[in-house]
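Single chain ahead, written as structure tokens, the form predicted alone.
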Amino acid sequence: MKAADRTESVTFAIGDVVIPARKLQQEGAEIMWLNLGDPDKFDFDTPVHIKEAAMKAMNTYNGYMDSEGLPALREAVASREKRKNGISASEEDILITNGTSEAIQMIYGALLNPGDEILIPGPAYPPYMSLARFFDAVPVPYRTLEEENWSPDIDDMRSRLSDRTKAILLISPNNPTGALYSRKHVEAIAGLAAEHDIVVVSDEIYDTMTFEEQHYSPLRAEDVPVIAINGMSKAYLSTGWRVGWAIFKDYNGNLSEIKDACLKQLRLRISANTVMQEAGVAALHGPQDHIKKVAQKLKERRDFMYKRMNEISGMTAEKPMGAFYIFPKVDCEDDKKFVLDVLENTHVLFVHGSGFGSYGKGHFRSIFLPPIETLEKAMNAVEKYMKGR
């Protein structure tokens, strides 16, 4: 039987490169995995009080929860937004999802009709492009300026707006570049959206993982509808728990139908993970001291990778201002072939830049989550490879 046509456009470069790496691993190679953004695979761990809350919840109730999410968690998310962004959200403005991936799919399913367009930063996290095509919509990349630390090009964004544009996507801090959009840029994007009566979708999953400056959310804008996506995976070091949420900041009732359409989809899948939602309440209301420690550890590793990569001939990198990714430009004709050659010769696994869209060509993405000793070993191997090309 032939698979549905809509699946032909589904790709995920971050996972696709794992296949040849696993083959090498089965042959006895020791792979240095710099492809996947999962802190828990390295020397990061979920805070103890959050684990304890999960274990307590497991001994209390393991049945279904409300489709829109545990009321206490929705209230905790609202409290977090009040603390961080000064936003007065209510429980009714928040929907709990099985990770941010479900939130993306839910929002796209509610927002995009066939032929609709959504502006997406170039480069961008692959599911934002694949899922748009899955719903027969059109992902339209807007340029980000590498020479300006991958900041968004507002003029280019404006030129790509059309009568089919339904939303503008922000990913800040950005995956794969680590760019952190300034308040000036965020307000300019919100202004464009307000002018054209469209929605801003804001991916904020890395909002606590910033270094020199703080994250600024479009939720603060007063005259534009915003849907913000966030979750526990990164800030609370619990990627496998699959707890995410979407915050709907309405304006003039523009989002009421979209939110209702999202909730219909959540009812279809009944509920998000009940036990981990209970743990989420403890995470958001409990001690937050691990957040600064994580950011400091990441900053030290960022500094190492930024310096080390720019010392390697044939490679240049901009300094990431958030998240745990770096996106170097490399002297090569085919960035996917480059990544596979590096894997074959050094057993270091990156992700090819073209997997993040056309603006990623000639680059590759690396994480800087491992300890510096591991990063140094990987960079020494890559430098040796580059010298011998």
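Note that the coordinates shown come from a computational prediction; the quantities given were computed from them, not determined experimentally. The first residue of the sequence shown is number 1, and the count goes up from there.
Although it is not shown, the form predicted together with a small molecule is what the next lines describe.
Student: If you check Val226, Met305, Ile205, Ile168 against the small molecule in the predicted complex, which one has a heavy atom within 4.5 Å?
Tutor: The residue from Val226, Met305, Ile205, Ile168 that makes the contact is Ile205.
Student: With the small molecule left out of view, which of Arg242, Arg143, Lys84, His185 would have a heavy atom within 4.5 Å of it in the predicted complex?
Tutor: Answer to the contact question: Arg242.
Student: Where does the small molecule sit in the predicted complex: which of 113-121, 187-195, 96-104, 211-219, heavy atoms within 4.5 Å?
Tutor: In short, 96-104.
Student: Answer with yes or no whether Gln277 is in contact with the small molecule in the predicted complex, where contact means some heavy atom within 4.5 Å.
Tutor: Taking the distances in the predicted complex, the answer for Gln277 is no, it never comes within 4.5 Å of the small molecule.
Student: I'd like to know whether Phe248 contacts the small molecule in the predicted complex, with contact meaning heavy atoms within 4.5 angstroms.
Tutor: Judged by the heavy-atom cut-off of 4.5 Å, Phe248 is well away from the small molecule in the predicted complex.
Student: Answer with yes or no whether Arg74 is in contact with the small molecule in the predicted complex, where contact means some heavy atom within 4.5 Å.
Tutor: Answer no; every heavy atom of Arg74 is more than 4.5 Å from the small molecule in the predicted complex.
Student: Can you tell me whether Tyr325 touches the small molecule? I mean in the predicted complex, with a 4.5 angstroms heavy atom cut-off.
Tutor: Taking the distances in the predicted complex, the answer for Tyr325 is yes, it comes within 4.5 Å of the small molecule.
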